[in-house]
Ligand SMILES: Cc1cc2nc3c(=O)[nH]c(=O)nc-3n(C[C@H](O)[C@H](O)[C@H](O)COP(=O)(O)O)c2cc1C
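Taking the form predicted on its own, here's one chain by itself in C-alpha cells.
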Amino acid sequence: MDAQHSGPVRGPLHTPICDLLGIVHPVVLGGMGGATSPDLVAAVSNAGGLGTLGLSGRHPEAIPSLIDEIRTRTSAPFGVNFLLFLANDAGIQAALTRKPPVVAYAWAWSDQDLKPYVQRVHDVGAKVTYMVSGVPEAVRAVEAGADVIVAQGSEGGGHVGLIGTLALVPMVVSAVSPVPVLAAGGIADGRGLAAVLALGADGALLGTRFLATDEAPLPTSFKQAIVASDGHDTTLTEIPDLMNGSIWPGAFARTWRNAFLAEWSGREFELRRRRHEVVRAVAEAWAVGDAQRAPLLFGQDAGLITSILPAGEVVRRLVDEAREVIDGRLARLTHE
C-alpha cells in the first residue's frame, strides 16, 4: 500500500490516546537514538502525529537547545525519549527544564525503581510512555504510574524482545487495561495500523517507516537499503552492541544482514578485542554513506516500504489506508 497514494486524509482516526497526548492521529514516531532529529520530529507532529526525539547519548548541555529547536518548528505536542538502563539522570533533568509534553522511557534494568522517573515527568505536567517487550514489564510500568504502554514486538528494528507483535499487543492490553497501549514492531502502513487497533491498541508507534523519509538524519544510501529490502534480510544479534561496548537488559538488535554483519558473525570474541578499531571504521563508513560497512538497524516491515517519502506524507497515508481498511474491507465483512 506504500506505493499508492489514496488522496487527502478523509478525517482524523481518533482514539482515546489522541485526547491523552493532544494529537490528531494515533501515530507516533519512535524515539530512535541517532536516527531522529528536530526536523523529523516536527514533521510528524505537524502532520497530526506525535514526533519523538531520541536523547540517549546526547550531552545534557545540548538537550535544551534541541527541544527549543523542535518548538521553533511546531506548536504541536512532541516527545523526548530516554533509555533508562543508561541512567542519564543529567540528560533527563536537562530535558525536563524545557517541559516537553511527553517523555518516552524504555529498557530499564529489572532492579531500577521506575516510580521516581515517572514522578519527575508528572511533576512538570508531562505524560509518560513506557516501552515493553513483555507483560511483566508492562505491569511494572503501570504500577509506577506510566500513562501509556508501548508494546513492541520482535518484528521491529533496533532493540527488541523475542515475542511477536500479534501475540504481545493483546496480552499487554488485557494486562494493563484501562491504561492505553501503543503497538510497535512490524507496522509500516495503514493495514498494520488497522490491525493493531483491532488487537485493542489505541495507536501505533513506528520506527523503520520513518527512517525512510526525507527528514530522517541518515545517509541516502541507508534509506535506499531499507526501500530495497524484501523484509527477509534482517536478523537478531548482539553484534552492534558488542561493537559499542554496551549491554542492553534483555534485548537483541534487529539488524540488516549486510557485509558488516557477515564479517563479524561467529567472530564476536575478535570483535570484543578490536572494538575501538571497528568503531572507527564504522564511523568512516557512516561519513561516506557506505551502507554495507556499518550496522544498520531496521525492522522486517522494510518489505512494505517502497519509497522514501516526506514524514508528513507517511502519517497521512497511514491514516488514509487505515480508514480504507476499517470503513471498507472490514465493514463489508459484517454485511449480510
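Here the structure is a predicted model, which is why all the values come from computation and not from measurement. A residue's number is simply how far along the shown sequence it sits, counting from 1.
Just so it is clear, the following notes concern the form predicted in complex with the named molecule, a form of the same protein that is not shown.
Taking Gly33, Pro60, Gly48, Gly303 one by one, only a single residue has any non-hydrogen atom within 4.5 Å of the named molecule in the model of the complex, and it is Gly33. This chain is drawn without the named molecule; in the model of the complex, the residue among Val181, Ala141, Ala95, Ile187 with a heavy atom within 4.5 Å of it is Ile187. Of the candidate stretches 141-149, 78-86, 118-126, 170-178, only 78-86 has residues with heavy atoms within 4.5 Å of the named molecule in the model of the complex. Put simply, Gly156 is close to the named molecule in the model of the complex: some heavy atom of it is within 4.5 Å. For the chain shown alone, Leu297 is a contact residue for the named molecule in the model of the complex, at least one non-hydrogen atom being within 4.5 angstroms. Within this chain, Val102 is remote from the site of the named molecule in the model of the complex, having no heavy atom within 4.5 Å. None of the heavy atoms of Ala225 is located within 4.5 Å of the named molecule in the model of the complex.
Residues of 200-227 that come within 4.5 Å of the named molecule in the model of the complex, judged by any heavy atom, are Leu205, Leu206, Gly207, Thr208, Leu211 in sequence order.
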